[in-house]
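So this first bit is one chain, no partners, the form predicted alone, shown in structure tokens.
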């Protein structure tokens, strides 16, 4: 099976991922970060009545004159009143505009003399009045199906009469780390063993992407991997494995997936992360990431992440990245598309980016200081200082996360 380009791999992974079917009804207050399962339309206009945008007086434009008698006060939360002809009423911000009034004059334009108001400056019809339905008219979409519900969506839904919302159920993902050499942090390291950093890193980023995750670990053993593959693929919506997909004698995951299901792609024209695998077992998608921590993370972000969006019903296109100017020259060794870790920032009206020093596929130290991925084009080996490259800020891929 020949390696394919990153964009094609991302598209194939997404199209191989089934859309969600399970839907939950949640209280509005619990809906933050979930995916809307059906378009929510405004049940009530917002605002539901014309109200004042300022503290001041409400009056008819036709009644404007030097001194206008004040006949009452309108407070927020009180029933809508009626304004007598030739008079005005004091009004507070958010209070319902009295019937007959078509102007609100702000307190800063007023002088009160006895029980009369004198207006300083021009007055126009509709001034400082928020019309009924100005924000949302009844029946218009407030949150579309497939949108990620943020705090602004929650506020808009509340303002238009919603107290609960239908969302797609969070997908369940099995995270399988492979390798006889792995030891859990906190345990003693035997000779030849290493601490399992991939489990905690990948579990956290899968959860940040909106899915539920259960952790499994298996040695480099065909029978144990086969049994675990049957079990986890039957119990979860998707499987993400780390390790076991390269060409070593101990890399058994790819062979097990081929035996139990189907292999859709193996190897990508990308550095790091070439051994990425996409398959299917028990009708569930299986995303096989390389074992090196940086490789596994980059493969997840650049290929698997949109599939997790689809799995939970999120209708979002993969970001196109941002143009940034390199602050140092960069050299590549292979013709493959390459992702380096970098630090981007704004300088005036342009973006700048600098690669971090540690770029090895097993060097987590580079990730801890990076806030973006730098995409270095295929078939180009030299990138001069000042050259424009594409960067993917981590906050663009996982909103709210400046670092991964």
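Quick caveat: nothing in here was measured; it's all calculated off a predicted structure. Residue numbers count along the first chain shown, from 1.
One more form of this protein, predicted in complex with a small molecule, exists but is not displayed; see below.
Visitor: Just to confirm, with a 4.5 Å cut-off on non-hydrogen atoms, which of 210, 306, 285, 291 contacts the small molecule in the predicted bound form?
Guide: Contact with the small molecule in the predicted bound form is made by 291 alone.
Visitor: Could you spot which one of 113, 194, 140, 258 gets a heavy atom to within 4.5 Å of the small molecule in the predicted bound form?
Guide: Result of the distance check: 194.
Visitor: Does the 4.5 Å heavy atom contact test between residue 104 and the small molecule in the predicted bound form come out positive?
Guide: No, residue 104 stays farther than 4.5 Å from the small molecule in the predicted bound form.
Visitor: Does any part of residue 198 reach within 4.5 Å of the small molecule in the predicted bound form? Heavy atoms only, please.
Guide: Taking the distances in the predicted bound form, the answer for residue 198 is yes, it comes within 4.5 Å of the small molecule.
Visitor: Should residue 241 be counted as a contact of the small molecule in the predicted bound form, where contact means heavy atoms within 4.5 Å?
Guide: Contact check for residue 241: no, nothing within 4.5 Å of the small molecule in the predicted bound form.
Visitor: Under a 4.5 Å heavy atom criterion, is residue 225 part of the interface with the small molecule in the predicted bound form?
Guide: Result no; residue 225 lies far from the small molecule in the predicted bound form.
Visitor: Tell me which of 118-126, 131-139, 177-185, 77-85 has residues with heavy atoms within 4.5 angstroms of the small molecule in the predicted bound form?
Guide: Comparing against the small molecule in the predicted bound form, the contact stretch is 177-185.
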